[in-house]
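Each of two forms of one protein chain follows alone as structure tokens, named structure 1 and structure 2.
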Structure 1
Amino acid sequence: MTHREHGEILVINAGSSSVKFGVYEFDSLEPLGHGLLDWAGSTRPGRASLTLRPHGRPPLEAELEAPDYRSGVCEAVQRLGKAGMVGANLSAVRAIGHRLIHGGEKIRAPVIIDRAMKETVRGFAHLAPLHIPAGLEAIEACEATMPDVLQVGLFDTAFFADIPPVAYLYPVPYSWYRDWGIRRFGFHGTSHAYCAGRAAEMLGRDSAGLRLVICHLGHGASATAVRGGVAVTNTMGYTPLEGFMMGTRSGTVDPGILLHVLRERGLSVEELDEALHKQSGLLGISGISSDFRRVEAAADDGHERAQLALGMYAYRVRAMVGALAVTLGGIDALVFTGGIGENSVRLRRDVCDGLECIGVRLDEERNRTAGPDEDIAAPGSPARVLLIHTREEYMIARETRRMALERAGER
């Protein structure tokens, strides 16, 4: 692996029990490798598994001491250096980009992380209690291992900073918003922002005037309506529990049901939380799995509840695509991304079946044979249907590079 003159960008995506790393060449943004630190991957307490995949070389697997989050990230970053993925002793790292899930109401763009910004981010911890503390630990691990390197934060909520009050307010007492800040934020923004840009590129059009509905369908799932490159709304809300049915999450349900099971069925708040986050969605309905592929396999074997789960999943996506398309006054393209959106031929077919009324006509053959990034709409379809491979880490690298160059220009 060559380390070019201008060094590398390290991207860190700190999840609740795992950390994903990506390394990109600074000038070209060419990916050089990636890694995964996973506490769930080790059976021994206080240890975590680390997998490094330098491009063009065999992967490296290790178990390391990781008694807490910060020391785990410190150790993993050191090993990235030792493995030569970011130059010997981390010397080639020119900037670090962090994925930070929640930027509250105020943060609209990537930020440079300094002491004051860390405090601002800490103030969002209650909005994403699993992810914000993890992100801050990762930032501090980088401060300890690479003290002079520029750190940049990208917030998943930032892409939704311009959604209007009619879309972000809930029809609950206004004081809930005014006093408690309860509103829609939207999530998966990095993916939606990347896909919005990529869709414009694929269509050979400027974003201005372009109307898109983007469905990010992975373990979590959300859709965004985008007009002129700006998000109009996202189906996730105050939390990532709203919207589509997901792997284990319920998505939108009648709030009256929640009151009923608390009052009349004796569920505790914790049990309800567990049911809505972990026992619902594809898993809850199929009783088989939260994994779309496994539910598809069971449905193919004739499992009725698996078939029902797939039917419900597609129905809910289709209904929401229709609603979002109407908020835009029609669409120029429907985008599918995420593990399910990119790979499930059946899901795309079932979602599009019935969307002719908004100008979507799928080409069955292209749907079966195409991969990302391709157009799978029928030749005369008024709206295009795009399959896009989402690249969240690349997007973070790109924005981090932009911030680093901007800062260098200011000096």
Structure 2
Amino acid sequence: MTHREHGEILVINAGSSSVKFGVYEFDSLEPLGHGLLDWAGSTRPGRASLTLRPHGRPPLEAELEAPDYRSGVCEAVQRLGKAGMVGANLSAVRAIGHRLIHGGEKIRAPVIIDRAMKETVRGFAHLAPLHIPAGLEAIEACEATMPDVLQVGLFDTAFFADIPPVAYLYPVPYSWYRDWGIRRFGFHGTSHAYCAGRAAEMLGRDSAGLRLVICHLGHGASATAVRGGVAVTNTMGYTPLEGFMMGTRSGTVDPGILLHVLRERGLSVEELDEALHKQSGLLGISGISSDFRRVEAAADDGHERAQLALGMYAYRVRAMVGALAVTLGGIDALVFTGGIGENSVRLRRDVCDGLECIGVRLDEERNRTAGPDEDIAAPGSPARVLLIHTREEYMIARETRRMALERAGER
């Protein structure tokens, strides 16, 4: 692989239990390779599995010593260089783009990451405790390995800037919003934005008037109602804890339960935070793992709590899809994306079972055999069912390139 004169863009998508990497040619945004650093996929504590997929060459797999997030990212970035994806000494990297979760009400556009911006982002850590610290660790890992390279941050919350007050306000004292900024934000915005555009392409329609419910299902999960290319609402809220049941997060629960365990069961605020963010969801119900693949395998082997966890997961997705469809007055397409949404035949089947009332009819054979990007709805289904491979890294690369050019005065 040759590295062109104007360099490359490295994209880092830091999730709660994994890090996705993308490498793009700076001028053309041609993808040069992808990678995944996955702590959940490793069988040994303090280690993570790394998979690199240089375009045009066989994938490379390794298990890394990664006792903490920053050291894991540092080692993975070095391996990108050794694999020839970004040049042997990382010198080909012209800019680095990061997916950041929460920009509050003030940050609605991509930003240049400097010391002051890191502190601003750090101030949102309590709103996304599984993601913002991880994103900052990834930024500082890049500073350690490529100290002079421009870093750009994109925020998931930006796609939801146009959600109306009736959707983003909570029915709590209004002063909580006015004085403390407590409101619904919405997350996975980069993925939802890409899928909204790609769905319009696949359907051969202009986005105007198009009604979509997009389900981004991974270790973290959310759904967005989109009308005319604009987000109407998202199942996540003030933090990424609201909404669907997830890998280790509870999703939406009765707030009275939280008051009860604090008052009557003696949990501290810290213990409750730990339970809701790291001990709930698929892990909490199955007792096996937060990894959907492992829970699904256990369910196939007859493990009752694993089967229960999968049933609960699908039930909650289906219920919230129905609610979002009502806010749109019906849907033209249901979109599945994300690691679970793209790969679990069972999950898609279970979610769609019961959605016939909103016009969703899945084709079993298409669902079983399809890959992205395909329509897996039955031929006569009033609403289409789209399986889309999300390209968050491409979206980040595109905006990172734009920011780099603006800073260089080339645009």
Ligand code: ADP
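Residue numbering: structure 1 sequence, from 1. Remember, it's a predicted structure, so these values are computed and weren't measured experimentally. Each form is matched to the other, and the largest set of C-alpha atoms that superpose within 1.5 Å is called the rigid core.
- Here, the chain labelled structure 1 is taken from the form predicted together with the named molecule.
- Hinge residue for the rigid-part rotation between structure 1 and structure 2, picked from Asp156, Ala199, Ile107, Tyr69: Asp156.
- Relative to the larger rigid part, the smaller part rotates 26 degrees between structure 1 and structure 2, based on C-alpha fits.
- When the rigid core is fitted, Leu100 shows a C-alpha shift of 2.9 Å between structure 1 and structure 2.
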